[in-house]
Each structure stands twice: as structure tokens, then as C-alpha cells.
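In the form predicted alone, a lone chain appears below as C-alpha cells.
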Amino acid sequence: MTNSTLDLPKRPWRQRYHVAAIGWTLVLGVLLVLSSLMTGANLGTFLSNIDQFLALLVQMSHPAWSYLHVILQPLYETIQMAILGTTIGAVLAVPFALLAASNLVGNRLLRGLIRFFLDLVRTLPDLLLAAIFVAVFGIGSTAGVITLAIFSFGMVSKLFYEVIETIDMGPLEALKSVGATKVTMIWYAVLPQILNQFVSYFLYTLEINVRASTVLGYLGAGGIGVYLQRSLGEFNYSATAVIILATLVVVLVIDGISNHLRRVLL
């Protein structure tokens, strides 16, 4: 056996010394420092006031369970808002997602217009939408439902058409070869392949909307957020803890349902 057969290929010096990884780490560090300077974020300020944060946690560590009966109805309203808004937005997202998928729609102009519209919808912050609809419809859950529906529409449509673009085109081509209509092809070849992802995205959006509807209450969009704002304004942190724990329970229940349905559908 000669020495040439024992020679191992040598890696370039950039790989031996991990130049790329070190370089990107330094760039990220510089960007973080510059961002901190430009935004005025100061870690020292946070550390110097951490005793106040700990004092707040101590007050919240004793939840006022007697406040629970006060927030049950608003919490129920929050769940209703999230379910209605998510359902309306997800149903409206289906046709737009189908039109935005490149493997289903060959017209680039139509597909580009649909995607531009979806990008525009996702650009609008939900708090801005809530403020607008509260001004239009008044204080109440109607503004919150419409806000959550628009948010869900923009989010689900984006996730949905990306999933559609990854489907197996074999069933579609088979149905097309026997003269099936577009609706038949979508119903029997597209929807069965994406049903489990659609349910997963729907429940994920519902979970987000439960939390979002809590914040929307600050603007008068209904739900438990009104009581959260009231408890914080009155420095009643024990009541705030009950609201947070109640919202957490709802989110955990939705997450459990999502995991169960995912196992069943898969």
C-alpha cells in the first residue's frame, strides 16, 4: 500500500477554521449591537428594574379565584369570537389559496394579483383593523370577529397555497385524462391530500386568535380583554393572574384537540 492511497483529501482552509460560521456570528453580533443602539434598548435598565418585575410576579402568584366567576362569560365570548373569526377567515381562504397555487393556476397575471392581495391583507396589523372596525361598528364583539376573520384569512391562505403546491400531481393528471372538471379534480385529488394540514393550520390559527382576541379587548373589540385591561389599570394583579391562567387553559385545550385530530387524520 503506497502513501498516496493513505492520503486523505484536505479541506479548504475556510472549512477547517469555520470562517463562514465565525463571520456570520460576528455580523449578527454587530447587527444586534447596532439595533440596540438605534432603538435605545438597554439591558442595564431591565436588570436595574428586575426587582419590580419580581414584585409583580409575587402579587400574581396569589390568584384571586373568586374573580373566576366574573370572567367566565367574557372568556366564553372570547372563545366564540375566535371560533367565528377563524372559521369565516379559513373558509374564505380556500378559494383564494387554490387560485394562488402555481400548480393549479397557470395564468401568472391572475396568480400574481391574488398573491398581491393576500400580501396586502397580511400587511395590515390586527390592532389597526380592530381600531377601524370599532370606529365603524362600535364597541363590541362584532369588530373583534371581523378583525380575527381578516387576520385568519390572510394567514391561512398563505399557509394553504404553499401546501397545495407540494401535493402529488399524479391523481390530478389521472382525473384530467378522463375528462374530469376542475371542481371534480379539486374535490377528489387536491382536498384529500391537504385535509390534515388544513385542519392543523385551522386549529393553530384558532389558538393564535384566542390570544389575539384577549389583546383586542383593549380597543373595545369585546371579549375578556376588557377585564384584563381593567385589572391592570386597577393594579389588581391577582385578578390578572386568573385571567392569564384561564386563557392558558383554553389554549392548552385547543392544543390537545389539535394533536388528537392530527394523529387521527395522519
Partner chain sequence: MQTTLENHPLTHHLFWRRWHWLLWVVVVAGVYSWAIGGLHFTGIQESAGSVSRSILHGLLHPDWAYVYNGSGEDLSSLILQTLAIAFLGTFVSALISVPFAFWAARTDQHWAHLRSGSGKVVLTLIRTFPEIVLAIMFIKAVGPGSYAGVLAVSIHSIGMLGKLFSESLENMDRGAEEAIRSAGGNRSEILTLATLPTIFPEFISYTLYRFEIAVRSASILGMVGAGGIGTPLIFAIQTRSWSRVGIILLGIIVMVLAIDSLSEQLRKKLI
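Rigid core (definition): largest C-alpha set, two forms, superposition within 1.5 Å. Residue numbers count along the first chain shown, from 1. From a predicted model like this one, the values you see are computed outputs, not experimental measurements.
Keep in mind that the form predicted together with its partner chain is missing from the display, and what follows is about it.
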Touches its partner chain in the predicted complex: S61 (any heavy atom, 4.5 Å):
no
Is L128 close enough to touch its partner chain in the predicted complex, meaning at least one heavy atom pair within 4.5 Å?
yes
Using the partner position in the predicted complex, report whether R122 sits within 4.5 Å of its partner chain, counting heavy atoms only.
yes
Proximity of S141 to its partner chain in the predicted complex, heavy atoms at 4.5 Å
yes
Looking at heavy atoms inside 4.5 Å, which stretch does its partner chain contact in the predicted complex, given the options 97-105, 163-171, 188-196, 76-84?
76-84
Its partner chain is absent from this chain, but in the predicted complex, do L109, L113 and A180 each have a non-hydrogen atom within 4.5 Å of it?
no
Scan 39-55 and note down the residues that get a heavy atom within 4.5 Å of its partner chain in the predicted complex; none is a fine answer too.
T39, G40, A41, N42, L43, T45, F46, N49, Q52, F53
Core-aligned, does A239 move its Cα 2 Å or more between this form and the one not shown?
yes
CA of Q197, rigid core aligned, shift of 2 Å or more between this form and the one not shown:
no
Superposing on the rigid core, I want to see if M60 changes position between this form and the one not shown - specifically a Cα shift of 2 Å or more.
yes
